[in-house]
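Presented as structure tokens, the chain that follows is alone, the form predicted on its own.
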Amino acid sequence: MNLNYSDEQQMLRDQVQKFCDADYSFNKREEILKSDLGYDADLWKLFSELGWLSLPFSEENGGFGYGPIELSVLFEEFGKVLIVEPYLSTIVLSGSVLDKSNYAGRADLIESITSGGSHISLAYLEEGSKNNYAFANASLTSSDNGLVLNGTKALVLNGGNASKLIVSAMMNDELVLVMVNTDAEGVSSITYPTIDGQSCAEISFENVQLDESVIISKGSESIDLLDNAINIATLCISAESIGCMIACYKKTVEYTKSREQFGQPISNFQVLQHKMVDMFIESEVCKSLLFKAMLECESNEVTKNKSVSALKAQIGLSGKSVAQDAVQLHGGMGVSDEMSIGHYLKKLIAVDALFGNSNYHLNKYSQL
């Protein structure tokens, strides 16, 4: 089996690396996090100009038709510099749902996304759902004027910046996905940052009046769309975590070579060398699982969900272990906000909780 990246995939990696090295320093990231948006609108436009926002969309919908491998390449590089732009929420989650759906207005919506002009967020999680995307207390009922939406959605990624939401709700005992404008009457939100700096929102819908034309899908189609979107999103954040782990390992090796104790670099101490070797091995184990998962997702194997769960379960264990060792080897500097290494730990803790933690995916793996 040839596990080498193609020339196009390597060119994509080189392009993203060049951008990250030149335009996304740690100080730049800190400035972005302090802004009202929580991301850089100019960089988002640059992502559009570079074609990154069009990567996963089918050619039929104006995209490049790339798949899980290219997205994994992109997210691994994003993870190395802790990029906070809302690619996961707008392109991967919402974009996947729209691209695979039969929704009549999907082409115009995808065009607005890929041009960098608008953000769309997926609102599917609710209190008590336990990461079950088919669970919804939100209701969609018929009225004399069309449809009425009621309910509350939690942890809506980039919900505060979205102009539209893809919302899951129950209608006549089946799951439906509907498109809702965030400025519609009856829609309210509370925006908050997560531990890793991402922008999230809790969004409530109170007697929101909708037209039947906003229905994206019903029943099993809705479940299939969510299953596909969340599975590919889980793959992406796992690749992002591997980028974080690689950065932790490399930054720790560099730091221990420059930090001296007892008249010599602490990298000379064998016990610390063993720690760093363990960090490298954990990263490589996860990378092997990533290759298996992304290849199965690319070829749409029946075992793809199982492989993604195996990857996510291992990421939850290895990611935190690598980041904790990196922070420890940096000493007191490792826990300061002024140094990047502690932010990798925050990111990996957040990733473990997103789309189900390590225990959740271990149980899921055993049941698939």
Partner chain sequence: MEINFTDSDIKFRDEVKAFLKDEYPSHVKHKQDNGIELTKQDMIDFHKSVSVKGWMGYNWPVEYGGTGWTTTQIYIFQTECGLAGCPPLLAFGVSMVGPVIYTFGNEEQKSKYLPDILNFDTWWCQGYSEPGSGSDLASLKTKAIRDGDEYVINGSKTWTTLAQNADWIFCLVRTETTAIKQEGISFILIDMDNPGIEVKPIITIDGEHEVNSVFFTDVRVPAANLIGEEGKGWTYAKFLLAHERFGIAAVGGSKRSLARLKDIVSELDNPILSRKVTQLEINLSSLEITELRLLSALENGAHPGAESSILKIRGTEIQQELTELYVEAAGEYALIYPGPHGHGDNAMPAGPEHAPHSVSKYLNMRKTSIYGGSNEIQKNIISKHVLGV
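Only a predicted model underlies this, so the values are computations on that prediction, with no experimental measurement involved. Positions refer to the first chain, counted from 1.
The following text describes the form predicted in complex with the partner chain, which does not appear among the structures shown.
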Does the trio K292, G331 and N359 actually contact the partner chain in the model of the complex, every residue with a heavy atom within 4.5 Å?
yes
How about P193: is it within 4.5 Å of the partner chain in the model of the complex, going by heavy atoms?
yes
Is it the case that Q273, even though its partner is missing from this view, gets within 4.5 Å of the partner chain in the model of the complex, heavy atoms only?
yes
Spell out, yes or no, whether the shortest heavy atom distance between E284 and the partner chain in the model of the complex is within 4.5 Å.
yes
The partner chain contact at A353 in the model of the complex, heavy atom, 4.5 Å:
yes
In the model of the complex, which of the listed residues (A162, V92, A239, L157) lies with a heavy atom within 4.5 Å of the partner chain?
L157
Among Y87, Y249, F75, Y103, just one has a heavy atom within 4.5 Å of the partner chain in the model of the complex, namely Y249
Heavy atoms within 4.5 Å of the partner chain in the model of the complex: which stretch among 219-227, 174-182, 113-121, 199-207?
199-207
If you apply a 4.5 angstroms heavy atom cut-off, which residues in 241-262 are near the partner chain in the model of the complex?
Y249, V253, K257, R259, E260, Q261, F262
Say whether the C-alpha atoms of V302 and H361 sit closer together or farther apart in the model of the complex than in the form shown here, given that their separation changes by 3 Å or more.
closer
Do L55 and V302 have their C-alpha atoms closer or farther apart in the model of the complex than here, with the shift being 3 angstroms or more?
farther
